[in-house]
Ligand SMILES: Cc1ncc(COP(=O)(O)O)c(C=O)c1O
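Presented below, as structure tokens, is a lone chain in the form predicted on its own.
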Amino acid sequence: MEWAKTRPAARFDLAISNVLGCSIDDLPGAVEALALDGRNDNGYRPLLDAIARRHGVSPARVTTAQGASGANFLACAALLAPGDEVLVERPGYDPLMGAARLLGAHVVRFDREFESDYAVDPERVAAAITSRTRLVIITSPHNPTGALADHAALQEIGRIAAARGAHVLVDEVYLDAFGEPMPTAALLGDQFIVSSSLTKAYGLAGLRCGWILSSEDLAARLRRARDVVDGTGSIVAERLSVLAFEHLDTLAARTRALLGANMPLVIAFLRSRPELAYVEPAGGTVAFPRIPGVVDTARFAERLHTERETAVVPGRFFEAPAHFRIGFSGATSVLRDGLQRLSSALDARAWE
């Protein structure tokens, strides 16, 4: 996150993973919805209702948060104590580990392997889980590869976790950018916790509208954890978020149109580069190729930026340094030009 916040701007930014930001005109009625007051003690009730309807759960199972990262932190805060163990996938998104460590938990890893198209393997979870494990953390679609977790595998992981008295946190923040409606893991059982937001799939990062779906009992604990962290959300953002849910189908169509234009460009690029190894993205907003024989792509990413004004995310930030992450959810013209410059850097063997 420090790298993401402090890196120099790039003319062709392929390092972002959230859908191109909306303008105020993309959200009809936004100006009229603005107000500075309203009750949101345990969440703004119209927003809780909107999230619940979207996912087919009761409002009592919804906890709002500051984005998906805030939601993930609340889940960790509600469930973890110093000395507890947390199982986190590898490659993985660094703040998921950071939240657990900040709370004094011990992070244990299980691998999602390139050779298996980054599928989630319940046997790897079973081999790593212990009586001290309190939480298993999975992203679906996977950050950084975009691979979708199979629900049968998730169900088995839920069974393994429940036998140890643990929960399974599934971060679904990219799920609505997958191209077609996908079922949420929140419906798999009370041992599952699901986090998401309006940020990645809908171009509404500025609202910081995140949420957690859980059992009612755990939701009460999550809300008490939020009392310690920030109490409540911004009523201004929460009013606008309700409006966003009213127009979610329109926003989703905008996302589908953008990714429908962009994904074929990325797939064509990957197929045209014999020096890359990759799992072809089936949806989402990111791809995660590697350069076989290259130990660390940091130099490649740096030269790509300084010599060709193009940004990608070095794989070391996901504990996979031979890889780099391409985001393809921005403007199509920027993506097309950025991929051309990426090809040029590969032609020049810019990792050397």
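Just so you know, these numbers come straight off a predicted model, no measurement behind them. Quick note: we count residues from 1 along the sequence shown, nothing fancier.
The same protein has a further form, the form predicted together with the ligand, not shown here; the description that follows concerns it.
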Joint contact, 64, 223 and 238 to the ligand in the predicted bound form, by non-hydrogen atom at 4.5 Å: no
Close approach of residue 214 to the ligand in the predicted bound form, 4.5 Å, heavy atom: no
Non-hydrogen atom contact residue 173 with the ligand in the predicted bound form at 4.5 angstroms: yes
Contact flag, residue 199 vs the ligand in the predicted bound form, heavy atom cut 4.5 Å: yes
Contact flag, residue 93 vs the ligand in the predicted bound form, heavy atom cut 4.5 Å: yes
Partner-facing stretch of 150 to 158, 199 to 207, 223 to 231, 105 to 113, counted where any non-hydrogen atom is within 4.5 angstroms of the ligand in the predicted bound form: 199 to 207
Heavy atom within 4.5 Å of the ligand in the predicted bound form - the one residue of 72, 255, 262, 133 that qualifies: 72
Selected contact from 313, 287, 68, 47, since only one has a non-hydrogen atom within 4.5 angstroms of the ligand in the predicted bound form: 68
Within 4.5 Å of the ligand in the predicted bound form: residues from 110 to 145 (heavy atom criterion): 139, 143
